[in-house]
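Quick setup: one chain, the form predicted alone, written in structure tokens, and binding and motion questions come after.
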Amino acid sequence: MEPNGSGSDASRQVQVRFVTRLPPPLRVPPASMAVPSHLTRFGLSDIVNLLLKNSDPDHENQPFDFLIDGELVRMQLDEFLIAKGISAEKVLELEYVKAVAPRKQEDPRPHDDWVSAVDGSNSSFILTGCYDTFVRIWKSGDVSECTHVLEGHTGAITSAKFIDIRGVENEQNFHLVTGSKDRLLRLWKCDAAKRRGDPIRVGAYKILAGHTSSVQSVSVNPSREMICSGSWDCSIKLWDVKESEEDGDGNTISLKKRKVNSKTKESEDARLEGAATSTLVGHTQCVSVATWPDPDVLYSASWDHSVRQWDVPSGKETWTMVCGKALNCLDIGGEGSALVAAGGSDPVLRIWDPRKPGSLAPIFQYSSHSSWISACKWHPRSWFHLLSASYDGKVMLWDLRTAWPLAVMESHQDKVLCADWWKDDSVVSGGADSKLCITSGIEIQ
């Protein structure tokens, strides 16, 4: 070795070539170069930004993530190569992508009690359910405002979903379904064009009765004509939304015209009630969530520690997985929209692939939370990305290509009870701090 340590320096260099699928303004020259092997993604990002600035002086620095053989680098280069058994003697191909990180935290929207349900599937509105028994609709914009308050439930709201989603240009009318601790589901119809001044108070046009205990979850099937609900009575019920709308004439109950006389209200509610078309039985404890990703396939998770797949036409279970923990949340997505993500009464987010025969072991496990997991949701356009929310007060963003969270959002001062993606680049969440939080500027490729 030379006295000046050049031999040692050389041993700590590695030859890399930066490649990307990003558009031309963000592509660096393809030539290989030597970089220090102790660099992390932050140092590599500095190099890429410097190369881009050499080609375009107006380039603004931005964070990048790096993949080697399809896996995100989340440690020093030399540590990664040793961990994966990759030789440092060859030229490494480093693919860089835009880093997934929140860029803006909007002002929270206060509620009067715990925010226990949120739906961000509508690009112009956010739906929230609250322990104060009310459901609220919030319109997006520079200044978010509550446009509608849905009244009628007598217990805390546990779940709320948009049913009929239309294009933004003519998005004036939409239908919703909610579930509550009062054991009922309610169907609602709102007219966004009628918004004037204070929030519009809306009543349900249909009440769906049949559960004998708290409704814990509601979900809409792809046709938007059926919904399912999971309950503390251990059952899953299926409901015909289209038929219910026709029976109720699709009309919103006018709260101003409703009588306060209890007998009148009882007879009115009886007239508005609808019945389930079928019931799926098999769980032995609370069905915490039921989701309907395919017309013929439904998934459910329960406090009985199981995830179950159901064949809807026959009402029979086709796949059952027991994980040993009470489950609070479930979502279907990932590759082929076939991966099952679930979380519950420990800090671990687990992912299974039901297509793999003979194995019920999770294919991924993420354990960065420090308390129970309350929500998980796949990104609507990405096979790799999903979010999780926890009683530890955090929302985390995950990429299947690394074991560490891409980002940790700490917007809440108490338990996070619900979370969802919104407009592809934002996360909406509600918690025991009685706030709806919106984090935006998340670029998912």
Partner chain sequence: MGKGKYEESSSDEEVNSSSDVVEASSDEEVESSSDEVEALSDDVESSEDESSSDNEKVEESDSSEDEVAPRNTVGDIPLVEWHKDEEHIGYDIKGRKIKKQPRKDKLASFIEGADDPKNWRKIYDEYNDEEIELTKDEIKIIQRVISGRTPHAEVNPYEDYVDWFEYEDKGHPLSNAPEPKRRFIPSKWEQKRVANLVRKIRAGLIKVSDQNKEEEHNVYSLWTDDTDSVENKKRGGYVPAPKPKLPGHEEAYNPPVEYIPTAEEINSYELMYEEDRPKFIPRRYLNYRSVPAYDKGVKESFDRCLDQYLCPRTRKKRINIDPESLKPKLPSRKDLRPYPTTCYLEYRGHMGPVNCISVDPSGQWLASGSTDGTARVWEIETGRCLKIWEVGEVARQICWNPSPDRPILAVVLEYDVLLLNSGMGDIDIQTKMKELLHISEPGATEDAGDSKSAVTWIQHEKHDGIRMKHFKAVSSIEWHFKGDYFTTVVPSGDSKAILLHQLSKKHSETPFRKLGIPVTAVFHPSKKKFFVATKKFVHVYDLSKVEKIQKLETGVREISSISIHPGGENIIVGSKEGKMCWFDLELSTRPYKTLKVHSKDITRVTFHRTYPLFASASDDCTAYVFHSTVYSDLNQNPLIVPLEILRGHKPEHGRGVLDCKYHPRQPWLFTAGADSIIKLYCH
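Please read all numbers here as calculations on a predicted model, not as lab measurements. Positions refer to the first chain, counted from 1.
A second form of this protein, the form predicted in complex with its partner chain, is not displayed here; the remarks below concern that form.
- With the partner left out here, its partner chain still marks one of 89-97, 330-338, 352-360, 282-290 in the predicted complex; by a 4.5 Å heavy atom cut-off that stretch is 282-290.
- Highlighted residues Phe125, Lys189 and Tyr205: none comes within 4.5 Å of its partner chain in the predicted complex, counting any heavy atom.
- Only one of Asp294, Glu79, Asp311, Asp113 comes within 4.5 Å of its partner chain in the predicted complex through a heavy atom, and that residue is Asp113.
- In terms of contact with its partner chain in the predicted complex, the residue from Pro347, Pro199, Pro108, Pro102 that brings a heavy atom within 4.5 Å is Pro347.
- Put simply, Cys146 is far from its partner chain in the predicted complex: not one heavy atom of it is within 4.5 Å.
- Under a 4.5 angstroms non-hydrogen atom cutoff, its partner chain in the predicted complex lacks Ser219 among its neighbouring residues.
- Interface residue remark: Ser371 is counted as part of the site for its partner chain in the predicted complex, having a heavy atom within 4.5 Å.
- With a 4.5 Å cutoff on heavy atoms, Leu238 does not count as touching its partner chain in the predicted complex; it lies far away.
- Along 389-410, one residue reaches a heavy atom to within 4.5 Å of its partner chain in the predicted complex: Tyr391.
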